[in-house]
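First structure 1, then structure 2: two forms of the same chain, each alone, as C-alpha cells.
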Structure 1
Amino acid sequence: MMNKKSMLSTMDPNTVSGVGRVFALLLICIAMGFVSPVFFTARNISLIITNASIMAILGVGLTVTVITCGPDLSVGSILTITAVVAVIMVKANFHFLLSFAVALIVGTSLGLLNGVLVTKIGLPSFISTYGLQWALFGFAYVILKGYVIYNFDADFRFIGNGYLFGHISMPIVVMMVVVFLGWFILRKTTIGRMFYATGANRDAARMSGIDTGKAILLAFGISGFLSALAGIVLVARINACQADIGKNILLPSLATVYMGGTRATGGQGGVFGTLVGAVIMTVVENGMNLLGVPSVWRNAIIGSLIILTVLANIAVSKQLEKAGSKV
C-alpha cells in the first residue's frame, strides 16, 4: 500500500494548494456566517459573486502576465482609459456595441504596447507597465477634466446589471466565459505552454526554439484586452465613470493572483486559483463591511491575508518537494 509520503509526492502541487485554498474559503465563509446572520442570505451571496466577477476578469489577464513575464502594473489605468473611451462614445450616440469594440481594441493595443516596450526596447516589465500606468491616468484626467459621466442607456448597462435568462447576473456570465477560455488557453494550447515555459526559464525556452518575445507580446495583449473588458463591465454596473475609477484596483487584483497560487517568479499558476482568490478577497471585504470594520484596518487585514496565503503556498511546495526527495 502506498504510504502517506509517497502519496504526497505524487500529487500535483497545484492540486494540493488549490484544495487548500478552497478549504480556506469554506472556513472563512463559515466564520462569517457565525458572526453575521446576513452573510448567507441569497442576496448577499449573489452580491459577493457578482463583485468577485470583475476582479476575476482582471485577475485572469494578470495571471497570464505573471506566469509569463511578471505583473502588469498598468491594468488599473488601462481599465480606466478604456472605460472613458467607451462611455464618451456611447454618450456621443455611437452604438454601444461599437463603443465596446473600440474600448477592447484600445485596451489590447495598450497591452501590446507594453509587450513592445519589453521585448523590442528592452525595458523591464515593471518599468514599462508602471510608467504606462501614470501616463494613462494622466490622459484620463485630461479627457474628463474632473467630471463624472453617468446615467447610461439600458443597452449599455446590460453587461453590468442585466441577467441572462432572467436569473444569472451578466458579470458572472462574462467571468465564467473568461475563466474557461483562460483555462483552455493555458492548459490545452501551444500558446499556453509557451507562456509557462517562458516564465519558468526564458533562456532555456529560447534555446528550445520558443519565441519568447511572441509569448510576452501575447501575454500583455491578453491582459490589456481583459482590463478593457473589466472596465466596461465595471462602469456598466455602477452606471458612472470618472478618471480614477481604476486607481485602487491594482493591489486587490494582484492579491487575487498571488492568493490563487500563481508563483510570483513565473512559470506556475492557473486561472481557477485566481478565481478562488477573487472570491476570498471579496468575501473578506464583504465580511468587513457587514461587521463594520473601520476602514483604517482593512488594508492591514487584507495585506496580512496575502502574506499568510503566499507563505502557505511556499510551505506546501516545500513539503511536496521534501516528500518527493525521500521516495
Structure 2
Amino acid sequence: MMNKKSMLSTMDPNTVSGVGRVFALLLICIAMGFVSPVFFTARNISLIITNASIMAILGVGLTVTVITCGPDLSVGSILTITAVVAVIMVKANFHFLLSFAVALIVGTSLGLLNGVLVTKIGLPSFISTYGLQWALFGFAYVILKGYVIYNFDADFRFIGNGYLFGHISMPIVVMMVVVFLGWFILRKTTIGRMFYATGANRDAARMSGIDTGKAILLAFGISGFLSALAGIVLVARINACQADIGKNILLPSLATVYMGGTRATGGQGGVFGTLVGAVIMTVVENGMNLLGVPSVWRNAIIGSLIILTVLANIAVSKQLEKAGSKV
C-alpha cells in the first residue's frame, strides 16, 4: 500500500516542484482576484502576459547562465546599452532591421566578453559580470546624456506592440520562440548536456572530456543575445528609451529564474520553470501596482522575494533528498 509520502518520493522531484509552482501561481492569482476587481479583466491579463514575456526572454538567458556557472549579473546593463544602440541607430535613419542586428551583435559580444573574463582570466562570474555592469551603464549614460529618446516608427515598434495574425501580441510570439529554443537547446542537444554537466560539477565535467570553457562562453553569449533581444522588445513596446531603462531589472529577473526552480548552485533547472517564474513575478509587480503599494517598497519586496524563494528551494531540495534516500 502506498501512503502519501512514498507517492511523493516515487514521482520525479522536478515534476513535484513544477506542479507546486503552478499551484502557487494559481493561488496568488485567485487571491489577487479577491483583493482587486480589475485583476481578472481581459485587459489586465493580457498586460500581465505581455509584460511577463519580456521578463521570460531575459530569464531564459539568465537560466542558461545559472545552470552553467552562475548568474549573468550584467543582464540589465546589456539590455540598456543594446536598447540605446538600437534607438540611436534607428533615429539616425538606419533601417530598423540593421539596428536590431547591430544591437543583437553588441549584446552577444558583451556576453562573450563576460565569458572570456570568466574562462580565460579566471574571474568568478559574479565579480566580472557585476563589475562590467557599472561600465556599461556608464556608457549608456555617455551616449544618451540623460535625454529620453522616444517616438519610433511603426516598423521598429512592431516587435513590441504589434500583433501577429491580428491577435497574438508580438512579445508573446518572441517569448514562445525563445522558450522553445531554450528548451530545445537545453534538453535535446549536446550543448545543453554540456551546460548541465559544467554547472553540476565543473572539474568532473572537464575530466570527462567536456570543453567547460566553451560551455561557459556559449552560455554567456546566449545570455547577452537574449538581453539584447529583451531590450529591443522593451523599447519597442514602451516607445521610449533612457539610460536607466534596465537599472531595476536585475533583481526581478533573478527572482524569475529562482522562482522557476532553477537551483542557485547550478546544474539543475529549466526554461519552463522560468516561464512560470516570469508570470509569478509579473503578477506580483502588477499586484503591487493595483494595490497601490508605493514604489519605494518595490526593491524591498522583490529582494525579500528572492531570498524567500532561494530559501524555499534549498528546503525543498533537502526534503526531496531525504525522501529519495528513504526509498
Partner chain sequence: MIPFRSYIQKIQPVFWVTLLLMLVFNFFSSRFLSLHNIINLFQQGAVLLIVAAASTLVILSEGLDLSLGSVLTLSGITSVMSVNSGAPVSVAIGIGILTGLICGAITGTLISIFHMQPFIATLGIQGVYYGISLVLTDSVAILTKNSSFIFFGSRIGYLPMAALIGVGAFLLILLVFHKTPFGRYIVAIGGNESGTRLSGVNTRFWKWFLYTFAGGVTGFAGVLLASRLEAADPIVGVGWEFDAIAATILGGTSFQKGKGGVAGTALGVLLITVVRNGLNVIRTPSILQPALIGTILIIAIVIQVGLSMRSTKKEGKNKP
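Because the structure is predicted, anything quoted here is derived from the model rather than measured. So that the term is clear: the rigid core is the largest set of C-alpha atoms that superpose within 1.5 Å between two forms. Residue indices: 1-based, along structure 1.
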Either 1 or 2, the form predicted in complex with its partner chain: 2
After a core superposition, would you say residue 280 shifts its C-alpha by at least 2 Å between the two structures? no
Large Cα move at residue 301 between the two structures, threshold 2 Å, rigid core: yes
